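Take a look at this single chain, the form predicted alone, given in structure tokens.
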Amino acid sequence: MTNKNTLPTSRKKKTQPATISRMYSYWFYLPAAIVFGVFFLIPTGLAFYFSLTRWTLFDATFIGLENYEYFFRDPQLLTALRNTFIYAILTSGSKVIISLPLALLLTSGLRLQSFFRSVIFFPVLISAVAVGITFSSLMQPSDGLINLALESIGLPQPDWLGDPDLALYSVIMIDIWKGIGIATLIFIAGITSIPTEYFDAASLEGGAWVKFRHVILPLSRNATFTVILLSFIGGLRTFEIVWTTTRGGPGFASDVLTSVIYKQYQAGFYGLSVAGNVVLFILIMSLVYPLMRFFNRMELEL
């Protein structure tokens, strides 16, 4: 007859090392979990809390959802929201359209290819603030270098940053110029990762158009998704170039969500501006997460 008291003890002795071994591996997650909690979860939780308060940096009074009510009643908000979407869509779409041909050119065995790659990537290395200040000087209506060049060939000289109908699109052009390098680099990485067998097979079927249409375009899909996603997120949260060129003006013509939030910070409405940041966070998450899930489903295995 089996001894009922000794059987569980022997099982414990056998299962204990396996349990300890399984638990041991989880300890390696602990440093990452602490960093994530301290630098991401706690600040996010605090932001949600302060968005529900009247906050003066030294004192916070809980006021419920009043900040959100004020934020959504702000007359600048609708303009800023519309501009933010225009900004994100135009910058992400333009970067794809311009970067793909550039990447094709820079992977075609062109002479001085490395030099041209460096030239295109150079704007990425410059601070967005420096880019904004430089272009605000270049785009001056009377003595800016761009208008002087247009004048010399007899073309009209628009007020790039002072015209309410043009200011937002001028800022978008600056953003595209600055971001085109990183988008081209992603496309170059995508094109060079395509196995050479596909190019060899396409060469038998036709010339450069067949390679582009049936090999490069479909097999660069992952790179295209990456460029769209990164540019779209960057467009939704853009701030430095807008602020250093137009400060959201003239009037509210080039205001985006982040510039509206910053103006509230400047006015001392800290709780209100944190509520704006929470709205921006929720907006980005609600748009980008489904987009990312869709792109992940459509990705190709090369």
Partner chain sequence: MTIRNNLTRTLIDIITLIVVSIVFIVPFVFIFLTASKTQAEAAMFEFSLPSQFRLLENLWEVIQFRDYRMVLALWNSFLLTVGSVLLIVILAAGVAFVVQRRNDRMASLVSTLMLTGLIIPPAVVPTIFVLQEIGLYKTLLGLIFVEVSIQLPFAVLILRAFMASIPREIDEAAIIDGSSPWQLFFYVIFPLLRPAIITIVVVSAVVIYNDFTLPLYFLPGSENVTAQLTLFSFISQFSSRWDLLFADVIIITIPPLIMYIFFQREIVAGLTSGAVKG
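Positions refer to the first chain, counted from 1. Source: prediction; values computed, not measured.
The same protein also exists as the form predicted in complex with its partner chain; that form is not shown, yet it is the one meant from here on.
Proximity of F116 to its partner chain in the predicted bound form falls within the 4.5 Å heavy atom cutoff. Proximity of A130 to its partner chain in the predicted bound form falls within the 4.5 Å heavy atom cutoff. Shown alone here, T44 lies within 4.5 Å of its partner chain in the predicted bound form, counting heavy atoms only.
Shown alone here, A253 lies farther than 4.5 Å from its partner chain in the predicted bound form, counting heavy atoms only.
With its partner chain left out of view, the stretch that reaches within 4.5 Å of it through heavy atoms in the predicted bound form is, among 159-167, 205-213, 182-190, 77-85, 182-190. Taking its partner chain as positioned in the predicted bound form, the residues of 83-117 that bring a heavy atom within 4.5 Å of it are, in sequence order, L105, S108, G109, L110, R111, L112, F115, F116.
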